[in-house]
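For this one, two forms of the same chain are given in structure tokens, first as structure 1 and then as structure 2.
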Structure 1
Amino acid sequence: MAEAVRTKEEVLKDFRTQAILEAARRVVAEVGYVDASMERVAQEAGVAKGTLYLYFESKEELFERAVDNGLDQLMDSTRTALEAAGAPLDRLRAAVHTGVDHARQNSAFFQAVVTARPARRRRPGGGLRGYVTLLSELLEEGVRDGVLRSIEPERTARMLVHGMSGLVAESLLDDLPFPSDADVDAMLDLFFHGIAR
């Protein structure tokens, strides 16, 4: 199926939207959600404040889209990592390491998101829900290939995400070093093998 040809205006709008979202993430990472103003984001993006309102109705909408855009980038990075991984458990490890690496690279922004906790509308099938679905599919693949016992993939994927979130949140909220690859591997080993003899 042929890809639709995009107009110059559509390409420019997408480019400007992405630049604004990246500017919003930088500003929120620097000053927090509460102190992040539309004017400050406009300055950071190099556009007039009025231009922001052509793309986003409010600070809340801009924030929601910035979070969703960051999660979309996580999904893209994870899919790329999965292409290079082979066996199901290697693919699951790659997905988890990519998730923690993404949080590490965007730690200031995620800290602002975690501490501010403004109400957000959830995008159906997107955001963190999409990441849980991806992990669930990897777990199903492991069950089909016989390397994982029979489990409820979606529930297990949510538990895995909570484990990842716990590692990341501890470092962000308690001002501890960010989880290392060894920390992630230890969490995965515990996840795969449990603690019972």
Structure 2
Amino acid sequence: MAEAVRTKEEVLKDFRTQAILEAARRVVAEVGYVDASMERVAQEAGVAKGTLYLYFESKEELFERAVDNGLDQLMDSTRTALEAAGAPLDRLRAAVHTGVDHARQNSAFFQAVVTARPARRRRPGGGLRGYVTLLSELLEEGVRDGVLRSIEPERTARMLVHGMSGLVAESLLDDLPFPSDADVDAMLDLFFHGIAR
């Protein structure tokens, strides 16, 4: 099996890469994007400054990949959460809770998603596209099943994401405790039933 041959080296490489990416996110979480230096990331990752350049072309690329990697992790844990659940709305609820949980432990990436310099944007559709699509499909299911009224799934999914990220950003910016499950449920309730009498 040729594909599995150079595993030892590749695995090590992947392991290092992942360690650096997570270090980068931790640093950004702690000191903000502006003050996140390569030196600091190297320390946090337990490698030398020069080593970073063996794994990433530049600071730019490192932080881009750190963001993408965080989003990939979000997608993975959300998909895992979805495998378990049952009714469409329960699954939607689960997806949202998972997303906020992820952000709770990984707030750095939420910062970075918004913080990055404008020039950066390359992946058209933005970083959360995948997540939005996933939620959008859940909403569509709900509409098909008749538990949701006929809304535009895509646009609605985006609104839901805004609510979620707002919830997290708020606690970040205002130094509040992270949103509790009750906060998330309140948000979902609002989302389901609206504010009109």
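Residue positions are counted from 1 along structure 1's sequence. Keep in mind it's a predicted model, so treat the numbers as computed, not measured. Definition used throughout: the rigid core is the maximal C-alpha set that superposes within 1.5 Å between two forms.
Colleague: Only one of these is the form predicted together with the DNA, so let me know which.
Modeller: The chain shown as structure 2 is the form predicted together with the DNA.
Colleague: Establish whether a shift of 2 Å or more occurs at the C-alpha of residue 134 between structures 1 and 2, with the two forms superposed on the rigid core.
Modeller: No, its C-alpha moves less than 2 Å.
Colleague: Please check if residue 50 moves between structures 1 and 2, taking a CA shift of 2 Å or more relative to the superposed core as movement.
Modeller: Residue 50 C-alpha, core-superposed: shift of 2 Å or more.
Colleague: Superposed on the rigid core, does the Cα of residue 183 end up 2 angstroms or more away between structures 1 and 2?
Modeller: After core superposition, the displacement of the residue 183 C-alpha between structures 1 and 2 stays below 2 Å, so no.
Colleague: For residue 40, what C-alpha shift in Å results between structures 1 and 2 following superposition on the rigid core?
Modeller: C-alpha displacement of residue 40 between structures 1 and 2: 3.9 Å.
Colleague: Following alignment on the rigid core, what Cα displacement (Å) is computed for residue 12 between structures 1 and 2?
Modeller: Its alpha carbon moves by 4.1 Å.
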